[in-house]
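Next comes just one chain, in structure tokens: the form predicted on its own.
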Amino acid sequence: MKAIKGQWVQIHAVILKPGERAPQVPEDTKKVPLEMRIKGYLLDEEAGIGDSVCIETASGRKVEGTLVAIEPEYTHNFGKHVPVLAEIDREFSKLMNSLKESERK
């Protein structure tokens, strides 16, 4: 599968190799590279997974890296429903509405 110019993609790049990490970072952190995964719009005419590409992020930055995903999915969520938070939301909304009503009088 190939991505075409303007398509939403994700790239990967190594920012710092293990030997380039700051001296104050923990020992286990020094042993691994500082990596970046970032999404944006493909600027190259066409590319496949594993190709070196340039993208433009939503904020307009141009970044280079290795193409790792084409139209990547969002895999995060906000977890399971928490009943107490829903109750807090309802109580807070009632309080805010009553304050607004009292300000109008």
Partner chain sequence: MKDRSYSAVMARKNEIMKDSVGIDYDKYRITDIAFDYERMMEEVGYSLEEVEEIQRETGVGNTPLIELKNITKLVRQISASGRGARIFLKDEAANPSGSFKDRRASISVYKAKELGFKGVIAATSGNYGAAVASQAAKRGLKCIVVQETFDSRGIGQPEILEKGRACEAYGAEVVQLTVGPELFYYFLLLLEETGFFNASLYTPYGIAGVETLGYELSKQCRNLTGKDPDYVVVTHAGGGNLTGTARGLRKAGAYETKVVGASVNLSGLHMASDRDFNRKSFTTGHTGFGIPFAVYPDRSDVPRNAARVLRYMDRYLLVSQGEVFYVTEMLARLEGMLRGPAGNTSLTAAISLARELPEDAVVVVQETEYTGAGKLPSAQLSFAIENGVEVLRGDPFVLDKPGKRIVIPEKPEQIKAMDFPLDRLRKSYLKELVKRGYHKLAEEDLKFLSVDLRLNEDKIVEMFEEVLNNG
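Since the structure is predicted, the reported quantities are computational estimates derived from the model, not experimental observations. Residue numbers count along the first chain shown, from 1.
In what follows, reference is made to the form predicted in complex with its partner chain, a form of this protein that is not presented.
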Taking heavy atoms and a 4.5 Å cut-off, does M36 contact its partner chain in the predicted complex?
-> yes
Its partner chain contact in the predicted complex: L99, any heavy atom under 4.5 Å = yes
4.5 Å heavy atom contact, T29 and its partner chain in the predicted complex | yes
Using 4.5 Å between non-hydrogen atoms, is S52 touching its partner chain in the predicted complex?
-> no
Within 6 to 28, which residues come within 4.5 Å of its partner chain in the predicted complex, counting heavy atoms only?
-> Q10, I15, L16, E20, R21, A22, P23, Q24, V25, P26, D28
